[in-house]
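Here you get one chain, nothing else, as structure tokens; it is the form predicted alone.
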């Protein structure tokens, strides 16, 4: 059951409630959900629900109807993220776990680890204890394999995942690895489940070969009941009558699980298909279906692998797959971040250098805006997001050191550039240190009882009205009310009990303010993306730099712009954006903003930079990132 606590509950009242629950033999979890303090209680206590409803400090009691309690979304409505070092599994960034089926040697493990990290993996998988169908097959290097995994972590910075097959291995797991995996054959090994629950490390729990979703969740319940909430569910295919694949990948399990449980869900397309050529299509489909991540077998030489070579991708195949996933992820509201680990190290480094603790990032508007979402998708939970009233105040906050970073939009795929921010990039001596592209999906948001035919006013920023013009033109009698940001629009209508007022915003803002989505996806074009840049006073000291942004001006004579562009062409440098902006106070004279695929601050680029300086009247490097 769930005990929803009164807002004014005292500590003594809460202590009394917990004491009664413990005395009745309940497992107790205290949490905060949607601004409410709640206590989840699981067990077979002897007292009726009415007894707990009458306790001082209890607002109401909600029974949990499912057989699984702790893993149920009834118990915990918010999604759980499992933290593995700097990696959050279950957040808004896709988690890629990759590596060979089995650790065969130090050389094999390190070669493969370097390759998968290069292509976007953030955790490394490899078996040291291998449960095999045949007793004569390779069984793994055991503790020696665990030592190699620990070395992989030390050398590459990748957290390591491996399978535990017996409670007797628990001490070694604690010593060497970051995440333990309970394999399909052990999904209902209840003593093993209790063991991994007690050791407390994050757990990847694979679905059994012939298990139902409820049986799988009940196995997760064993782990959580021992006090370990860090469970990641992994669908790896189930046994069916179909002989053309190793197993049958149950992608329908993803939306089912997202409804039933708060735990993150990842997919293992390698074991599901058993055939190399089928791994990538199923991986792409899994992300499109809403999976939080993937576990993929990759081997530097799969033709000579000691285990599961036919289903292991070559590193370059894995690289092509992650490029595909990078494109697919924003469509479903997530990101695949190739710089995940380097960025995390850089933020940690700045925190230690500045001695200010957790870094801060400023964004436009209130919690729940698309700018806020861009901040969380870029940084995850490593920084504190700070609402800011205007674009200029974001630049001022970074300049004055009130925050460490700012996130500002610079262009939208439908409405074009946000010119104010390009002008601010020229005005302020700050740097672009990163970028993120976010798919923008607009929803009509209102009170739960609101209906289309009762709407009279719509609140949103003017640029959002432009992006939803086709939908709004169908309702010419609606009055459009401009506000600063989408979250402010939802907040404004939530504070008034008027179902005739609605907002155009994202689902996040609707959820935060307890509003309902009346109409989904009302933007004119679904290919609606906004590019945000991250600004800072100093560049990240660590992390790759694949792109740069510049501002320059040229003399007002024929061929001057051509001479600059020719430098890029002759040196094989790809320009991905070129835009002109008027120079304030100088009519008909222009600055040119350029994005290019190169690190202009590297030693290799210096000669080209000197040529650019010689052909321009003004040149400013906005940043390499």
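Here the structure is a predicted model, which is why all the values come from computation and not from measurement. Positions refer to the first chain, counted from 1.
FYI, the form predicted in complex with ligand PEP isn't displayed, but the following is about it.
Contact with ligand PEP in the model of the complex, defined as a heavy atom within 4.5 Å, holds for exactly one of 185, 484, 475, 451, namely 185.
The partner is absent here, but in the model of the complex a heavy atom of 271, alone among 442, 373, 299, 271, sits within 4.5 Å of ligand PEP. Heavy atoms within 4.5 Å of ligand PEP in the model of the complex are found in exactly one of 275-283, 125-133, 84-92, 515-523, that being 125-133. Taken together, the three residues 431, 547 and 596 lack any non-hydrogen atom within 4.5 angstroms of ligand PEP in the model of the complex. For the chain shown alone, residue 292 is not a contact residue for ligand PEP in the model of the complex, no non-hydrogen atom being within 4.5 angstroms. Residue 404 falls outside the set of residues with a heavy atom inside 4.5 Å of ligand PEP in the model of the complex. Residue contact with ligand PEP in the model of the complex: residue 163 places a heavy atom within 4.5 Å of it. Of the heavy atoms in residue 467, none are within 4.5 Å of ligand PEP in the model of the complex. In this stretch, 202-216, the one residue having a heavy atom within 4.5 Å of ligand PEP in the model of the complex is 206; the partner itself is omitted from this view.
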